[in-house]
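Shown next are two forms of a single protein chain, provided one at a time as structure tokens under the names structure 1 and structure 2.
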Structure 1
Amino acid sequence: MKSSFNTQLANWLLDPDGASSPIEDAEVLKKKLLKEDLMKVYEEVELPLVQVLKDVEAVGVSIDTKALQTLSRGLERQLTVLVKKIYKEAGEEFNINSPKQLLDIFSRKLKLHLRSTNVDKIAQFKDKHPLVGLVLQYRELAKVRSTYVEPLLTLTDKGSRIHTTFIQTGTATGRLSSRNPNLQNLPKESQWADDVRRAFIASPGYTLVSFDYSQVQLRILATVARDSRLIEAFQNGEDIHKLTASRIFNVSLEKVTPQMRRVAKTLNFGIVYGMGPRALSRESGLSFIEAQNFIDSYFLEFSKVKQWQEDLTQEVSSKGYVTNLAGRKRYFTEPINFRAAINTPIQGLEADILKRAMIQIHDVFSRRKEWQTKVRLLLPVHDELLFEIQNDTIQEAVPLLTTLMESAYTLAVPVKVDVKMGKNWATLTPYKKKA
């Protein structure tokens, strides 16, 4: 089979931010890929992934359009009621969707002089005036309807399946993105999440099975920072957030309260993003000083992580780029965003792990003709793969898929996958191996 050189992939790998002008000539691009040590990730990951994604797009996800239509009508009705209430409370009609007009209303009617109307800023004033709560309710409903329910109904095909488009060359870190519709940002925790996700169903005779990499970014951090404490904790299957809590609060593991663990969890995830005290205090409710102290304690305890961050900022300053363990590369220009630089090798390797898993799985299952239609990849979501599997094949396929995902890439710590299954995407329950 003739496989022509993919210039789009090559251009993107050479400069995933798309800052420099694309080079057209394939021979020049090949030389550049070699020179920049990007040929491996091109040949082993991006090129084979093209066909995998095509297949995934073609399969699509089955949608319960009846459920969506019911949801749509319900939202419509409730929104009508809400709008009336809001106009009444405000004493006039205005465009609730306009932050500008909303600020004006808040200022004139509530004597609340704000510079932003986002939920974090205004939620605290819910008790002060009923209008605030009503507006937030309206926002939630309007968001669900206009961003999810209506577009999903529009984009579902005659066979009740929806086909997203994956953008393989759209992100700076190596992740995929999804559009028309974006199936990677469906509500999960909000009040309406289940109503939306219930509409994503398994084909008749199939079951949805999701495979989630467990704390993969922290496992990558442990690996790249070579932090022995983190590595040990993952090797021993310890509760990583509890461990962090114990260290930063300077108490024994048994004395860690749920509260302390929560802060530690925020911090653990934040570290990956280069989080500062301000962000931590905002996220956790701690004071700025407390947040600063916890970050200091964290770096005192996990000094290798601190060291890794410092080394990396050095490197990006001198070389002008960062790479991840898979060889993927991202250039930074002045002024360098060091937080992005810190996050890039972690988020990027996560993407490479998932991509390698997808390719591996595609290879294995396309070789087994009898399994081709029985195990279908429906959707990658950054650290998760959603499949639909024919009911009589689940017991056989799940362990194999789990193993393939867990062995897609070798880290300094075990790579673990959590499996859940169900008839729709809202009600997945942990997979239990049959005895």
Structure 2
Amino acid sequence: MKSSFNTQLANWLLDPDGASSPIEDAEVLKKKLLKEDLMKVYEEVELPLVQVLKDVEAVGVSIDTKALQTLSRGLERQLTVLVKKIYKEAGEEFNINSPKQLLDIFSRKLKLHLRSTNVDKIAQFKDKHPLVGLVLQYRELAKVRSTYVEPLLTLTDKGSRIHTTFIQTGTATGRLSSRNPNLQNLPKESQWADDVRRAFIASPGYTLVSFDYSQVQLRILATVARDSRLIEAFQNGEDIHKLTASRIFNVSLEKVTPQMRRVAKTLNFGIVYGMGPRALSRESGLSFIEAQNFIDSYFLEFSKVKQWQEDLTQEVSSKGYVTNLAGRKRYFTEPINFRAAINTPIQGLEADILKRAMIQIHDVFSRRKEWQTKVRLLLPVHDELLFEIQNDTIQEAVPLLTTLMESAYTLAVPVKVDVKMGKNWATLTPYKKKA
């Protein structure tokens, strides 16, 4: 038992959704951790991670402020143009950022009687009138500027580095969160992702190297569901999305089109989150009936996944909590959010794997003093670790880091890491070992 006891971490492990009473006495919390079989997670993961995160925060990430300033000015110009177009389509000026005024415009001008202006609600009407599409564009640009670009510029230190603050106790699944600025939710898929990420650069003499766990949530799903077909596919190194497309579209692997694979990919990751036909329809472009048919086909082909989901919903209903393979728990009260319950053991284990990898890497490199300035962990982001590695150390460091990450946790299928490198976060290319 550690001499210094972190009551905040212990309280969070016992109540990750944060609905508990004020933090209790250390001895009381220790007894509760032992009773709930959470002491191992506390001692082996969360407690040692505290120092790891402190070191990562101290290093920070180098930022190209000129690129961000250029992006900010470009966004400002485009927002000005969009505002004029929105006013023209609406036939009047109004506060675009006011949900009340926006609902009024939609009701009077478009005859859309909505109760909410959140993106999901209004996006389904973007083909009904140009105004809806323009408002969605405005929202996206305004969010990129206010959520990412401006905070990055404001919080950069004199050495042009950003030092985010990590929050271990900020999520119910165990994932890390961060603030000032929030670097856990940087855009990855949108058209603005590259523009923002291009501003994250390597220091002189260094290269950015990204280690990204490959399809880790699906590998965890195969493991927890004990689905032999999924396990076999991962063990054989098959394209899991192509395989899924082949099964749900009932065609041979050779006849799977890119569009089929895209739908299958959406479905594969959606299953992890308990996705229903409506969400699949919205994200894939399928009709509601087609989406329902594909989900039905998926569960026929991968029946163990369906069985696992049903068993888990019964378990959480009777026990009031779910547990991931690493022992982390999340408690649920009525009415139970079954989609969250299904996702928690998967996303939670993804977080534990990344955390264990960070701790393992920190332990190894802290013993190799000569490498401490040559290999710097800059950011953990969901299933990715971003490093800054001195150029003459890359060929030696990358294989070691890859091995440490792939051995952080053992699943029923191989754990794989994709490695990319480059001078900024947007233009990383696959790592190739020199002959």
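C-alpha atoms forming the largest set that superposes within 1.5 Å between two forms make up the rigid core. Residue numbering: sequential along structure 1, first residue numbered 1. Please read all numbers here as calculations on a predicted model, not as lab measurements.
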For this pair of chain forms, which number matches the form predicted in complex with the DNA?
1
My question is whether residue 129 is one of the residues whose C-alpha shifts by 2 Å or more between structure 1 and structure 2, given a fit on the rigid core.
yes
Did residue 117 shift 2 Å or more between structure 1 and structure 2, C-alpha, core superposed
yes
Residue 213: CA shift of at least 2 Å between structure 1 and structure 2 after core fit?
no
Core superposed first, then measure: what is the displacement of the CA of residue 98 between structure 1 and structure 2, in Å?
3.1
Rigid-core fit: what Cα movement does residue 108 have between structure 1 and structure 2, in Å to one decimal?
5.4
